[in-house]
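Just one chain follows, in the form predicted on its own, and it is written as structure tokens.
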Amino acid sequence: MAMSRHVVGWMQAAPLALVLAGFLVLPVILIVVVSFWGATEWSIYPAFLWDNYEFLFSSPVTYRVFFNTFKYALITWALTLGIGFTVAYFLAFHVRGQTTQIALFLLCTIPFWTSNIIRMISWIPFLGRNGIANQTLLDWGLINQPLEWLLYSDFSVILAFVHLYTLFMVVPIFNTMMRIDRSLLEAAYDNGASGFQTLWHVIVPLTKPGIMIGTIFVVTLVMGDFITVRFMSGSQSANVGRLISNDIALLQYPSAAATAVVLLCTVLLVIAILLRFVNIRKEL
């Protein structure tokens, strides 16, 4: 009987396992294989060469691009964490009615009803030299000439990232906060804890799983996003995703595959480090 249940369990999991193997594992294996192939200006050929990795790690451009990628990911993570935690805290502890909570939460999701690219490009006329932001600051007399750094800069790239991915931090943190037993907060207040002490010693530790899930979402999305960097920096900056895109445009698929493998390993290493701090299985 136990053996029968075991076989039934494997049979139930088999369809999903086959889908994951065919659409996730197999493509990754192919990317790893192609990363060792050779390439000319007009073709690629099967081989087992380390040339792509040697060129990748010997080029100073690679380190600058990876530095940019980590810079964008770190700054975006810090800003989305601050905003996401604040919004989630307000929704979970200051909004009493469940209907109001749902309404405000849905309000946060309204921007996701449109394409990421449209939401990202919408910042361009707002931040441009003759855009709404500069014209408003000029009309108020706060500046004498338009600010050039509002658009096509690291500022505009990070602003777009924060706009696009903050909700990925809000949702898991809010979900974790809603599971906190309110009697723990009452106990903290009864023992003389201030609001900040309750926040730091009770709410934040219990919210760590949600923070880590949101961190994984935001960091991985930012590190793989190249469209935002391309448009919001005016092609003046680059990240690893942009490097891969350029190689593909030049038909240098082995080089692009090698860069993708390094990026994948980097992201997996970051996730492994994050998972050392908290067990997120309780949230899954």
Partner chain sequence: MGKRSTSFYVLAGFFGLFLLFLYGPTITIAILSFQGPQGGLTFPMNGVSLHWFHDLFQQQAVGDIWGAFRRSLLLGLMVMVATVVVSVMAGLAFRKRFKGSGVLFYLAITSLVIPSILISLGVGLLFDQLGFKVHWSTSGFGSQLTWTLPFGLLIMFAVFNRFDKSYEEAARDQGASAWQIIWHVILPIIAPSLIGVALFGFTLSYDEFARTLLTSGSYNTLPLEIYGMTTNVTTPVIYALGTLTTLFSLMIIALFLLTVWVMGKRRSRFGSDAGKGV
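The term rigid core refers to the maximal set of C-alpha atoms that superpose within 1.5 Å between the two forms. Positions refer to the first chain, counted from 1. Keep in mind that this is a model prediction, so the values were computed, not measured.
Form predicted in complex with the partner chain: not shown, discussed below.
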Is Trp113 one of the residues lying within 4.5 Å of the partner chain in the predicted complex, judged by heavy atom distances?
yes
Would Phe70 count as a contact of the partner chain in the predicted complex, using a 4.5 angstroms cut-off between non-hydrogen atoms?
no
Might Thr136 be said to contact the partner chain in the predicted complex, defining contact as any heavy atom within 4.5 Å?
no
Against the partner chain in the predicted complex, would Leu91 count as a contact residue? Criterion: heavy atoms within 4.5 Å.
yes
May I ask you to list the residues of 122 to 141 that have any heavy atom within 4.5 angstroms of the partner chain in the predicted complex, in sequence order?
Ser122, Trp123, Pro125, Phe126, Ile132
Taking the rigid core as reference, does the Cα of Trp42 move 2 Å or more between this form and the one not shown?
yes
